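Take a look at this single chain, the form predicted alone, given in structure tokens.
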């Protein structure tokens, strides 16, 4: 039921040139030895890409890692990089994907 409602909303709010618009894919690079487990990066990530690791660094702190299945969800906004007081995170944006590929919408759904 909820999925059907989301499909209905999606069809009403789609962008005309969705297959041409690109969004960056950010690659999160964490230096675990610099992290002090403040969790700012996890709390401020708008796409909920990061989570706390189960492992600890040499100082005994948990460091952030990319959540399983969220590897393509980072949009390289660099919020985690900006809020990290220890400069333990770097974001690299080298790839782009189109929105229709990201959301799994076929090109024919847009009439083009």
Partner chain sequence: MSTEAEVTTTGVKVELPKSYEDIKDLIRVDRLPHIWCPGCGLGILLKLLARAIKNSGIPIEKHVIVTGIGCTGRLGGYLKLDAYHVTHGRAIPFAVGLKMANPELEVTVVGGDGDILAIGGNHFIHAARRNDDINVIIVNNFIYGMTGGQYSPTTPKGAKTTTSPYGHYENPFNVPLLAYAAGASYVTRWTVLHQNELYQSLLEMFKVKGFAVVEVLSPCIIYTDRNAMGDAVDLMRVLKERPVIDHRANLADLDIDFSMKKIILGNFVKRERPVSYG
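Keep in mind it's a predicted model, so treat the numbers as computed, not measured. Positions refer to the first chain, counted from 1.
In what follows, reference is made to the form predicted together with its partner chain, a form of this protein that is not presented.
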Within 4.5 Å of its partner chain in the predicted complex, all of 47, 77 and 95 (non-hydrogen atom): no
Does residue 71 reach its partner chain in the predicted complex, with heavy atoms at most 4.5 Å apart? no
Any chance residue 85 has a heavy atom within 4.5 Å of its partner chain in the predicted complex? yes
My question is simply whether residue 56 lines the interface with its partner chain in the predicted complex - judged by any non-hydrogen atom within 4.5 Å. no
Partner contact for residue 34 in the predicted complex: its partner chain, 4.5 angstroms, heavy atom: yes
